[in-house]
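In the form predicted on its own, a lone chain appears below as structure tokens.
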């Protein structure tokens, strides 16, 4: 069996949703053929197609097979004794029976070819599976055979009804297997019928190519008509892969064209406002800052200063590892804006992170005759009105806040710089909304989670990128270890000894309240348990459901050293720096994402003491969970960890939000297909720098497709 697993990344046929980031416009000549002209297309079947997102001929042609059955790889059932892994067999169903009773019921389906018979067994979900099998039908099974006595069986094999025409005696080498769903089943839309419809379409229309011929030739990509033919009915797996690569390049290229257009337009717009460092900036870096900048910080500041004085709107991403000192660099940029008579705004995704930045400003700017305000969603009406008035009049120079900053009521007097922290939690649209608050202000976005290059190239391809790789001098590498419940008492003795030596401890739990489903130890129960175990130690509890004042009071007590052990949920992931906190215990560590564990670990190791992170997994830990913990023990390099996490979880889960600004690519995988991604990005930028309006004869068809594509996604790109 030959599979195209990447084809399913943006497609969920079982849920009746067929989402495409690629093809929604009519790019074909159909010779007057409509979807309703297809043979055997009843109203019931048309409704089933529509519920799956197939409403046009284009939709059906882009409904790609999820895998293929290679007839050369079909095993005679009589040879299964030689199979040591999953194989494909084809035969007729000779019996369908439900065996057993009560909770032990199972479905047994026996198929037979000319050599022998094999049994497919389904334990869970047998009621669903039984509706898929009918005696006398031809079917393929893909699974691992096991011998029990004289008979072979497959447990929960993949099953595909073939309904006659895909008989192995046919001419096709590869049989396309299309996604199925309940709508198809109810309307009797078989795999064969889908294949017949698509053959009919491919024989009845001429595809109109829009990618420039030079690109097709440069990267050995098939033209659109050939690609569609070979993705549905390939003569070999090589032809199918060539077609798939064309569609991967196509969707990445269209997306990167959009990002290149945004970046190109920003580069073309010259701005009169020039921001330069002045007395306040020099005072901060030469006298107020208690440590020397790293080379990475200096380089980033140099790149930012060059942007700010260039009369071109800055659009820069600043990324670095946990504790690399990005905030200091951002503060330097903010002070440059203030020195130049401009206002600055800093937007963070959560109130606690906004409060952290506000406290940092207060630490350095208190008593400097500069007004800076904190703006969040939960403030009292009178306070909020006072802040808005101060911002609009220009008396407030710096605004720190959450997404409340981009609300309509917030009007700036002279906004010159916008800093967005934790950029991956905001989308492209939100990024552009705050830029509308001023006359094209400069933009600096920061990511506390190191973003692998392949991902940064995709979601930030309209930005210039600065990276801080090294940590400030004097930082000791955090030692990380995995300990189990059997080691708990020795961990507690270590905590006891450390607290007596004046050190402070974080104990992190994944939940606030008990969950019987997840069977996790929650923060509240853990807090009570630790108080009983350490009766003479000052222990406090911190979680996200506390009010801002309560959280601030607890954190202040911890920062001041009045609390030795802080029991907390993940709100400390973006908490304040506590140099004296040198130990972190993470309960049920396997439940956290790899990057999140790294972020949590970054809360310690901020001082001169040797720091320790102790991972305490639950009794039952999955294989991916073990891989995550092993990687965290092996390295403290945030970029290496982020790359591993991206591979383990995929881009969407890695970013943690659908508002991340990352499109759902249907064919391309930005990790495995990074070479195609880089090619698409480079070609898109080259095209816009040489033919920005796509007016050359070779690009006219591309211009039609691109403008339609861009308009349809205006809201996504923040231009609508």
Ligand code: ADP
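Positions refer to the first chain, counted from 1. All of these numbers come straight from a predicted model, not from anything done at the bench.
There is another form of the same protein, the form predicted together with this ligand; it is not shown, and what comes next is about it.
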Consider residue 328 of the chain shown here, and say whether it contacts this ligand in the predicted complex, taking contact as heavy atoms within 4.5 Å. yes
Mark residue 475 yes when one of its heavy atoms lies within 4.5 Å of a heavy atom of this ligand in the predicted complex, and no otherwise. yes
Any non-hydrogen atom of residue 617 within 4.5 angstroms of this ligand in the predicted complex: no
Even though this ligand is not shown here, does residue 321 get within 4.5 Å of it in the predicted complex, heavy atoms only? yes
Residue (of 83, 130, 546, 293) lying close to this ligand in the predicted complex, criterion heavy atoms within 4.5 Å: 293
Within 4.5 Å of this ligand in the predicted complex, heavy atoms considered, which of 183, 606, 71, 232? 606
Location of this ligand contact in the predicted complex, chosen stretch of 555-563, 220-228, 294-302, 402-410 [non-hydrogen atom, 4.5 Å]: 294-302
